[in-house]
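Starting off, we have a lone chain in the form predicted alone, written out as structure tokens.
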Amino acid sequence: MKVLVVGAGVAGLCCALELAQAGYRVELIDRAVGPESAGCSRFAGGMLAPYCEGENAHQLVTSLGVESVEWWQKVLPEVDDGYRQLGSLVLAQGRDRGELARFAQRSSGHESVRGDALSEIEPELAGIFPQGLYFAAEAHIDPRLAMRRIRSRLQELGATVRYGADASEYKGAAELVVDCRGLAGRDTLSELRGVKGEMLLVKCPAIRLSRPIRLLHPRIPLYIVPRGDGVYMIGATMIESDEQKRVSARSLVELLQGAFALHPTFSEAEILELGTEVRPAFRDNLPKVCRKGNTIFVNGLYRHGFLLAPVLAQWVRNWVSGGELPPGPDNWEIMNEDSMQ
């Protein structure tokens, strides 16, 4: 069977890989002119943090996210492709320790660390924070390296990857279409909304952090993810907006102030890149897998693209092979044609 996967973000890449590994003839296309301009996945944090996300997400995000951590570990050889299972650390300044307590109550998979134990995990932060939460089972990846690795693997498996391609020109030759277009899928999935995210990459070799760190704040929590060679991704914003391609001055200032609060040496960092994109989400912030005719839709991954895409891709592969999708809560239903435009 020939399968056309539309959209080369993390969802499309994972679906294409699962189907190609199952022996299907896969063609992956994207309307972007190249991988460096394709969708919001390239601006992701790459945190594989199912337990941290459980603080404000549905319990399925945690349970399915744990499975995805294992998937990424198999797909990305450690070190070579940026996979690191070193846990993650959640911190708060003294005046915000109530935020830390609430985070601990609403999440799982962590241990409380303070003093020498905290300093041993991240020596650079010794004496700056009195205590934190350590999620030892979590991991992180470099999204761009990860997507590059999947594209290479697809080519090894004989799949075709095309950029600058119009889906209408290729659908006729495919027996099945897997639509992973993100917000562009709103032409069929009318309930999709946009959630804007902003990030920056900085270089600060004077600081050596090993794992993702979340700094809690009542208004704008911050996360910092090491990319290696003194490069860090800083992000946090979630803005209910479809606007693309503009990082606001306010967001930039808040992200930088948060980084300075984590460690004052970030004030000397070199800014390498600003980025913003709009993530697709449904009303409940859970993704959906649904089918209309010969098209399967995978969409609405919200801020959990890299955390949930592998499991959703495995569902698609199983469904295409004649199996059934696993049961879920009412708001995780498989939509029928009546719920689509």
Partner chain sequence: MSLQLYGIELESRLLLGTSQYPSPAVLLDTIRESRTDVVTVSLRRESGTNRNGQAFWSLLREANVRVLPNTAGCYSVKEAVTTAHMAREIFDTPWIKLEVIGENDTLGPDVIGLVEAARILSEEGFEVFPYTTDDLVVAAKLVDAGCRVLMPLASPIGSAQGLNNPRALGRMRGHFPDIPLIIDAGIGLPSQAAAAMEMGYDAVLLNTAVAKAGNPISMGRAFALAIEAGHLAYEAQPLLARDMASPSTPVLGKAWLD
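Numbering follows the first chain given and starts at 1. Just so it is clear, the structure is predicted and the values come from calculations on it, not from any experiment.
Here the subject shifts to the form predicted together with the partner chain, a form of this protein not shown in this document.
Triplet Thr62, Arg291 and Asn318 all within 4.5 Å of the partner chain in the model of the complex via a heavy atom: No: none of Thr62, Arg291 and Asn318 comes within 4.5 Å of the partner chain in the model of the complex.
Contact assignment for the partner chain in the model of the complex, among Asp242, Glu270, Glu175, Glu120, heavy atom within 4.5 Å: So the residue touching the partner chain in the model of the complex, by this definition, is Asp242.
One residue of Arg84, Lys196, Arg227, Arg153 in contact with the partner chain, assessed in the model of the complex (non-hydrogen atom, 4.5 angstroms): Contact with the partner chain in the model of the complex is made by Lys196 alone.
Close approach of Glu67 to the partner chain in the model of the complex, 4.5 Å, heavy atom: Glu67 lies outside the contact set for the partner chain.
Lys74, heavy atom within 4.5 angstroms of the partner chain in the model of the complex: Output for Lys74 is no: heavy atoms all beyond 4.5 Å of the partner chain.
Residue contact check: Ser88 to the partner chain in the model of the complex, 4.5 Å heavy atom: Flag for Ser88 set to no.
The partner chain contact in the model of the complex: Glu55, any heavy atom under 4.5 Å: Within the cut-off, so yes.
Interface segment, criterion being heavy atoms within 4.5 Å of the partner chain in the model of the complex, picked from 159 to 167, 201 to 209, 136 to 144, 245 to 253: The contacting stretch here is 245 to 253.
Contacts with the partner chain in the model of the complex - residues in 266 to 292 whose heavy atoms fall within 4.5 Å: In sequence order, Arg283, Asp284, Asn285 come within 4.5 Å of the partner.
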